[in-house]
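The chain below stands alone, shown as structure tokens; this is the form predicted alone.
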């Protein structure tokens, strides 16, 4: 019998409403979700079903109307805004759908930025970035500008940047949304293998059903509710095959 890993994220009775004019529009309807260490979870469902709102609430950016989000032992919404910002910087890497780049900096310097913000020296940060850019297979582009790269290459760089501070978690909001199928598959393979290799817990939103095979678990949402939560056994076989090839 396989021992279950510890629960590292626990969402309980999470509700979220937005004020539109004179009405409150409820987006999340009592979400309950447990995430175990090292899982790669895809949040899926139609547009407007609340996936990104749930993701941003777990990330500490969108405050809930009701309910709790506990990450490890911390109820993050009972803490201050500054506490949440510090917690994110130390523990969570983020990959957006459209990455933000500083145009005047090279690719490797852009990867290094989170380290500088966190108080590391520029040299320390670039040294870490040099290892990560190789990890995502983009070493030859280190001294280019980010906007010289294709969309898929930029997202691989965004993945490297999300890893700079050795996060326990990665949260990704449709990082393959603007990519073609081949670039999306390359990114998803990297994310899955990095999750497995380093034990990083990943929550990702996607609309692409072809990408379900990469995750260890698929959580489906409709109208602000979780309607299914399925372990993806096929993913484990794919991981083993890829690790043998590498």
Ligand SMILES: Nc1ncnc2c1ncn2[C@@H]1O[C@H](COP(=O)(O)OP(=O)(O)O)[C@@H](O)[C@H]1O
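Residue numbers count along the first chain shown, from 1. Since the structure is predicted, the reported quantities are computational estimates derived from the model, not experimental observations.
If you look for the form predicted in complex with the ligand, you will not find it shown, but the lines that follow are about it.
Shown alone here, residue 30 lies farther than 4.5 Å from the ligand in the predicted complex, counting heavy atoms only. Using a 4.5 angstroms limit between non-hydrogen atoms, residue 49 touches the ligand in the predicted complex. Residue 53 belongs to the set of residues with a heavy atom inside 4.5 Å of the ligand in the predicted complex.
Residues within 4.5 angstroms of the ligand in the predicted complex, judged by any non-hydrogen atom, belong to 40 to 48 and to none of the other stretches in 194 to 202, 180 to 188, 40 to 48, 210 to 218.
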